[in-house]
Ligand SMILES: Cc1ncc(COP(=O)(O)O)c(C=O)c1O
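In structure tokens, one chain follows: the form predicted alone.
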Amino acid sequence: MENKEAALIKNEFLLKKDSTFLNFGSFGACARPVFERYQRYQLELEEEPVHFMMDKASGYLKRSREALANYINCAADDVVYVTNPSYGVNIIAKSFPLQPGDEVLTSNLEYGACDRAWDYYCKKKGATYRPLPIRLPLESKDDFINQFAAGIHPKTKLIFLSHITSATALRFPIEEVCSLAKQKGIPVFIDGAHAPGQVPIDLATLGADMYTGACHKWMMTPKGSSFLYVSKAWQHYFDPLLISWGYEAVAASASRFLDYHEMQGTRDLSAFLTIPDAIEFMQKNNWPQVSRYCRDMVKQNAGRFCELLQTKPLAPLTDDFIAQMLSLEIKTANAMELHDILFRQYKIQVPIMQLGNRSFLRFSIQGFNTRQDLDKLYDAVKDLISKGLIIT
């Protein structure tokens, strides 16, 4: 891809032209054709609300779920829509069968909102949510597997792990984790908030018992569209967070799982319905090639940012660990202030992620980004180092 192609892709988004957008990982950005389809669904809803909700919604949702299921390779009746992955995590954490003394094993690199959900529900049940310290930088897949496997013991009743971490932007070897867990008879729940649209997902072969992912990040749908997959063997365990018309449904479908979690009363379904359009957008624009361009750009620029910040990559710079995001440890007195300075003074939207007492500069690369975008970030960071706001 050349800058001209990146510019054409940028025209497909609604992002402000005067901002250098290097934070696709937080909330994504909706592709223009998908957003326009979203607005047409909303208009259709408002023009004839009763007909839409009572007669059309179920069919629209089915069509959307079937498209998503084909994209992530699972049965359409094994996936339901939720507004965000944290919502999906709460469904599982609230109903997962834990007894006093049981343990949910995770890493210390997980997303804070999910940590809080698990900690809350584990405490209510007398169980333990145990984040296992992962030594960074990772050396290899085996390095991670060996570290994580050492934390498994008879009290471990569930493994909860990110597909791609938030603060550290690391792609975990979840395929190997699922295989290990299966050998030990331990179910696995994967938080795939950053994965759909960024890396391939094949739930039929992965072996995860539960998986939640965001469509409004790298799949470029409107905000509030995510999914929860649960294998058939586990579906009967999980109550919806809201008990509504799906319970003892008058017009029950063949799937209680769908009825419980889909029939949630009045809500705007429009964001969910655009998922087939987002998949079509990616297909029309040869997204595997776009994604490769993005991953290559991340890797090609990692070295100069490491040298500038006097740090090392958090893992080998390969597709095994790095996709379209890169996090590098950064030393600063005030992470939020640093983000605000980069945004207000340099017009660069890039997060400074915090994990424990460590801060990370995380840049995301999407098809509209160019080397010049990273040049602007590089020059800004260099300037802030000279001013003492970043310590090296």
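Note that residue numbering begins at 1 and tracks the sequence as displayed. Keep in mind that what you see is a predicted model, and the values were worked out from it rather than measured.
The discussion below concerns the form predicted in complex with the ligand, not included here.
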Spot the stretch among 199-207, 84-92, 285-293, 242-250 with residues whose non-hydrogen atoms come within 4.5 Å of the ligand in the model of the complex.
84-92
Tell me, which of Leu105, Leu273, Ile164, Leu228 has a heavy atom within 4.5 angstroms of the ligand in the model of the complex?
Ile164
What is the one choice in Ser26, Gln345, Gln39, Asn334 with a heavy atom within 4.5 Å of the ligand in the model of the complex?
Ser26
The ligand contact in the model of the complex: Phe305, any heavy atom under 4.5 Å:
no
Using heavy atoms and a 4.5 Å limit, would one call Met220 a contact residue for the ligand in the model of the complex?
no
Although the partner isn't part of this model, could you tell me whether Tyr111 comes within 4.5 Å of the ligand in the model of the complex, counting any heavy atom of the residue?
yes
Can you tell me if Ala169 lies within 4.5 angstroms of the ligand in the model of the complex, counting non-hydrogen atoms only?
no
Using a 4.5 Å cut-off on heavy atoms, which residues of 175-194 contact the ligand in the model of the complex?
Asp191, Ala193, His194
